[in-house]
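First, one chain by itself in structure tokens, the form predicted alone.
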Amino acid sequence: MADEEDEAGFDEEVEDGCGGVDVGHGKRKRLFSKELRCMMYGFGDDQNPYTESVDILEDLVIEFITEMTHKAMSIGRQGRVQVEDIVFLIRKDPRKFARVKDLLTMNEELKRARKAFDEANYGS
């Protein structure tokens, strides 16, 4: 019963923060449809996959993100999600861990390149 109350409170926050996402009535804004369609095509699906397939995949993605966010909020500083928390959660999945490491490394390289570019242009 306590879990149901917590989830209900979370749904309210999602509705407020996502510009009118309606979770309760089955009609909600699809956040990742375009990207998922492109990814499905890239992985060998039809160029225009069935809407039902995209919807199911989107439900799975949103469920995964929600679960990871809840877990990350519970292990680190209460109520905050930090990169280290996500890395900690996926450390036992080698594929996800390697991908996150690559993305974080690339992010740092991009930051350094932007900083060097800005310094070269503006002489700071």
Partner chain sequence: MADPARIKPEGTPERAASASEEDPKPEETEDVAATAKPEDENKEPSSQDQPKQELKAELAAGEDEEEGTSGQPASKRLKVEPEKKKEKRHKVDEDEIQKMQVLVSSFSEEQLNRYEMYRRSAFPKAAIKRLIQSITGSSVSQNVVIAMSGISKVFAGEIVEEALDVCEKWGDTPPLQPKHMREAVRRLKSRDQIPNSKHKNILFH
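Since this is a predicted model, take the numbers as computed values, not measurements. Positions refer to the first chain, counted from 1.
Below, we turn to the form predicted in complex with its partner chain, even though it does not appear here.
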{"query": "Interface membership of Y41, its partner chain in the model of the complex, 4.5 Å heavy atom rule", "finding": "yes"}
{"query": "4.5 Å heavy atom contact, N48 to its partner chain in the model of the complex", "finding": "yes"}
{"query": "Any non-hydrogen atom of L103 within 4.5 angstroms of its partner chain in the model of the complex", "finding": "yes"}
{"query": "Contact test in the model of the complex: R99 vs its partner chain, heavy atoms, 4.5 Å", "finding": "yes"}
{"query": "Within 4.5 Å of its partner chain in the model of the complex: residues from 40 to 77 (heavy atom criterion)", "finding": "M40, Y41, G42, F43, G44, D45, D46, N48, P49, Y50, E52, S53, I56, L57, L60, V61, I62, E63, F64, I65, T66, E67, M68, T69, H70, K71, M73"}
